[in-house]
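As a starting point, one isolated chain is supplied in structure tokens, in the form predicted on its own.
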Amino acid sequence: MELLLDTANIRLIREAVSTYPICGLTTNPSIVSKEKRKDFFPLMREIREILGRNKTLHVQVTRTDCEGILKEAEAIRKNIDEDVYIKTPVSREGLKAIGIMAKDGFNVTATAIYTTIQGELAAMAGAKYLALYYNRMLNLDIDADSVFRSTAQAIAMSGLDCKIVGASFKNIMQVTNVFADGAEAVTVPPELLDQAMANPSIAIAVDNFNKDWKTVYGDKDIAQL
């Protein structure tokens, strides 16, 4: 299981990395544009510095034609590092670019996947991660759980070295759903993780524990005994 952050906000990244068992981070043009920063590559290098080289960094291209995607991939790898994953939407041109990049030694994350066949083709082309959009599928009246399960089954049967990443979530239940459906990773906004940990039942349980403790030990904590 891998937990990835879905943000480009430096403050949120620092806070999340210090709190949660983060394995990496994903960005896309929409996420990056929210930060209103003109210095794209310095921002990406700052994120890499926070993550370290032992965590994955997934940076998405903006061009939609194969030639443009390849040029952006070269620029991304040159200006960040060779470990970066090139996020590429699985369109006809994107799939073509994924195959070329994989042969040239690029790390590739296939994204904007809504169907099993998209995932299968991207995996066969050489993508190492497949980002399937859970909530967006639901919004299109697509059976998201079925797509995740069938894609996971196809990858397992093929023996390809590829991981399914659940993306596009409305709530934590959807996150747990995709793990049950066979996803090996999820990419989640830090705010959604914080909401999950803000469950009032947790605070009530902790308060009850502390009340019981004080009946015997008063205001002394364990370190003071």
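Residue numbers run from 1 along the displayed sequence. Being a predicted model, the structure only gives us computed values, none of them experimental.
Although it is not shown, the form predicted together with a small molecule is what the next lines describe.
Check residue 160 for me: does it contact the small molecule in the predicted complex (non-hydrogen atoms, 4.5 angstroms)?
Heavy-atom contact with the small molecule at 4.5 Å: absent for residue 160.
Can you tell me if residue 37 lies within 4.5 angstroms of the small molecule in the predicted complex, counting non-hydrogen atoms only?
Looking in the predicted complex, residue contacts with the small molecule do not include residue 37, since no heavy atom lies within 4.5 Å.
Indicate whether the small molecule has at least one heavy atom within 4.5 Å of a heavy atom of residue 69 in the predicted complex.
Because no heavy atom of residue 69 falls inside 4.5 Å of the small molecule in the predicted complex, the answer is no.
Using 4.5 Å between non-hydrogen atoms, is residue 77 touching the small molecule in the predicted complex?
So residue 77 does not count as contacting the small molecule.
Checking a candidate spot here: are 55, 58 and 85 all in contact with the small molecule in the predicted complex (at least one heavy atom each within 4.5 Å)?
Verified in the predicted complex; spot residues all out of contact, no.
Under a 4.5 angstroms heavy atom criterion, identify the one residue in 43, 31, 156, 172 near the small molecule in the predicted complex.
Going through each option in turn, the one that passes is 31.
So if I measure heavy atom distances to the small molecule in the predicted complex, which of the stretches 45-53, 61-69, 164-172, 196-204 falls within 4.5 Å?
Only one stretch passes the 4.5 Å heavy-atom test: 164-172.
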